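To begin, one chain is listed below as structure tokens, in the form predicted on its own.
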């Protein structure tokens, strides 16, 4: 069997400890903490107030204009508070706190569709997906409705990303094994509205049982190809999947539809199907809980807004003092400073590490010019130069060497024998470049402000006075 792959990448230990553990429904929490920003784009504005009674699945926050996605009550109950707190990225974010009444009263706005699958249009799907608040569940959290809109009429390849290349995470694997029909049906629905005769599902070769489950769920094998990928990190990055399957290279600053491709995460596709067919908004997701500190690692089905501390407690608590708590994978996930941070739309895992798992640390690391980072970079950049320029504050040189093309996968830092914090330094430099670009744009807009047209009545008044 052919194994699809890409150039570069690394092979970290897989540690798929929970691959054989079925998904368990997490008990409902006493309270949920719903962030008003769980997506790329503008944060939502609250549509409820303190003291309001809410239904499960009710829209409680939405974006008035621009890119964004609504948020929903994930339990029924009463709004206890609306507050602002700091998230893991250091940004102030609004939260709606709901006291659970455990009655599971479903919003009357949620109704199954009465259309046959072949009757759906792209407008139907986009509207349902936006109303459901679906954002990329692989971690990127880009509003899915906007992704579908931008790709309509421009794609030839529709690819479901089931690679799940990050160590430890197994939620996509379990979804493929336990509910392959959700992925297949979601893909078939999207193929029909996009007018495509063929779809593709990308699965790494460490999940051959999942590939078999998907193939068994496909009624017509001529319509969907299950493509087996070489197990390698970051195989799950959409740029690498596109190159591996189509040979088309997605360069910096370009979007997948520009090379006639659309890539969607497995859970996202399943959520799209639930939203379009059953009217269900995104109020829960699968989460892997693992790490050497966790007593009983599990795969859980969790309501959004549940504190991660409750997930850890449900998995038997901690066996040793934690050094780091990560939401997402160990390669690209975000370290949490608050153990009570809530599960959001992009939380695929909660991983708790002790000091035994921490990376070696040097106070003054120095590049030894071995070139490993260059060989591993899946974007064909020169991380050694980018690090040197970024460390020295030469941002113009960073831009010249295409620093914005870095996907921050961490392959360079992972295999650096000198323990140089390459990706962290690059990420900081990208932040400074973005700040400078925003400042220049604001200054430009201020310089070229068009003066308001003077009121004609005022002109007349002045003429009279003179």
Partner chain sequence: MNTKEFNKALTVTSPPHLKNPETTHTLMFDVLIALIPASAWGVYTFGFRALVLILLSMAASVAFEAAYQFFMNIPVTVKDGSALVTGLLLALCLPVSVPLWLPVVGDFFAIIVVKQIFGGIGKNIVNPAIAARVFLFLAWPDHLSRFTSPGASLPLFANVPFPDTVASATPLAALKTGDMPADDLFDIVLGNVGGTIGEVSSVMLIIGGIYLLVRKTVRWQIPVSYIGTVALLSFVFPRMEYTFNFVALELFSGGLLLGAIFMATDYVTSPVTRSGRLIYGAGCGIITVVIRFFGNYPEGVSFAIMIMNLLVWYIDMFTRPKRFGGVEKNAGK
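Residue numbers count along the first chain shown, from 1. Just so you know, these numbers come straight off a predicted model, no measurement behind them.
Below, we turn to the form predicted together with its partner chain, even though it does not appear here.
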Want to guess which of 183-191, 274-282, 129-137, 314-322 is within 4.5 Å of its partner chain in the predicted bound form, heavy atoms only? 314-322
Only one of 356, 121, 91, 252 has a non-hydrogen atom within 4.5 angstroms of its partner chain in the predicted bound form; which is it? 252
Counting any non-hydrogen atom inside 4.5 Å, which residue from 57, 410, 35, 29 sits next to its partner chain in the predicted bound form? 410
Taking heavy atoms only, is residue 208 within 4.5 angstroms of its partner chain in the predicted bound form? no
I'd like to know whether residue 346 contacts its partner chain in the predicted bound form, with contact meaning heavy atoms within 4.5 angstroms. no
Although its partner chain is absent from this view, report whether residue 258 comes within 4.5 Å of it in the predicted bound form, heavy atoms only. yes
Within 4.5 Å, heavy atoms only: does residue 402 come near its partner chain in the predicted bound form? yes
Which residues from 411-426 come close to its partner chain in the predicted bound form, meaning a heavy atom within 4.5 Å? 413, 414, 415, 416, 417, 418, 419, 423, 424
